[in-house]
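So this first bit is one chain, no partners, the form predicted on its own, shown in structure tokens.
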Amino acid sequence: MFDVAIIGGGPGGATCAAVCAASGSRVLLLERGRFPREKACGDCLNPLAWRVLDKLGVSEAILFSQHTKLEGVRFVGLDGGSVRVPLPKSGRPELGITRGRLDAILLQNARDKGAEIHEETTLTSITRHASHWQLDSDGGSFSTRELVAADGRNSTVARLLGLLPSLLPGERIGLQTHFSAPKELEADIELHFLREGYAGLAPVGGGEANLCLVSRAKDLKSIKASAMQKYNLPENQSWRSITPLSRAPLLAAQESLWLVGDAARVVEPFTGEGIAYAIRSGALCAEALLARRPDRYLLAHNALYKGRLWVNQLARAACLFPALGTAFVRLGQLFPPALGLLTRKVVGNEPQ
């Protein structure tokens, strides 16, 4: 019998596992992949995560690994016009770092703190009993008092429990790949508004760049072909995909069931906040879980997102209607503080 079982070994799950294990709880973590592994992600570590990373004791390891300290965001409109907004220089930096490197550090930290981790293990069924959960997987069966879903926007836990919302019509798809960074790419994030959707480009250390493409399914072939031509990518270039990019939020906590990261609430990838939200919600979940206070987690989870959802909605609108995004670029050219304010809201330093 485990005290806590966590499904998913990404940033949210690994953070929750580390905090719970460090408290003396018997922690199980099931991860269907084998680390290190890459994910369809923008690979940007927002400064909002540093406080938790410091408490976990992994900040030095992350900064020692290959990464790029990002210095600015360049917005590019449909007409090719652009405006660059520098990132805040005070406080901890925004990093470009691959999920392969970051997630491996976080999962190893959870293992070092005492969590029992089973990789390459897929959850197949969940049975709820009066005092515990029965988890069946292709790697065996387990019992746990508390269950944490940290397995992303297409959460297996939510699906098996009948909680996963239906997909919205016309939902977008994201594609992501790594390739040798273009010589002209500096330490900036580039966000390109395109007729089919948008593209994000960021250096992630080791001479690599992360390229993300987002569009509706009908435009996916076109946006991919344009990107492959622009960046001279080979026909056999490896791509990762993800969908949906938006989804109704789920209740983050109820009796003995907890959701963190994208399993609870999906944010627009354009904002680059997903990893930070996963890490911070994982820590908040662990603290409330150890106190057996789901109400505390609900309040903290709502507070985490409160005041920032308007940025998410604005970013989503700009991506769905690229002409609107281009208008923002033109506004930024005429009045740079406008885009500067938005950028600081998205990638600014963590509030105290």
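For every residue, the number given is its place in the sequence shown, counted from 1. Owing to the predicted nature of the structure, the values given are computational and were not obtained by experimental measurement.
Omitted here: the form predicted together with a small molecule. The next part is about that form.
Proximity to the small molecule in the predicted complex, defined as a heavy atom within 4.5 Å, singles out one entry of Cys44, Val52, Leu28, Val58, which is Cys44.
Three-residue candidate spot Arg37, Cys212 and Pro269; every residue lies within 4.5 angstroms of the small molecule in the predicted complex by at least one non-hydrogen atom. Of the stretches 76-84, 220-228, 255-263, 177-185, only 255-263 has residues with a heavy atom within 4.5 Å of the small molecule in the predicted complex. Contact annotation: Arg99 falls within 4.5 Å of the small molecule in the predicted complex, judged by heavy atom distances. Although the partner is absent here, Thr122 lies within 4.5 Å of the small molecule in the predicted complex, judged by heavy atoms. Among residues of the shown chain, His192 is not one whose heavy atoms approach the small molecule to within 4.5 Å in the predicted complex. Contact annotation: Leu164 falls outside 4.5 Å of the small molecule in the predicted complex, judged by heavy atom distances.
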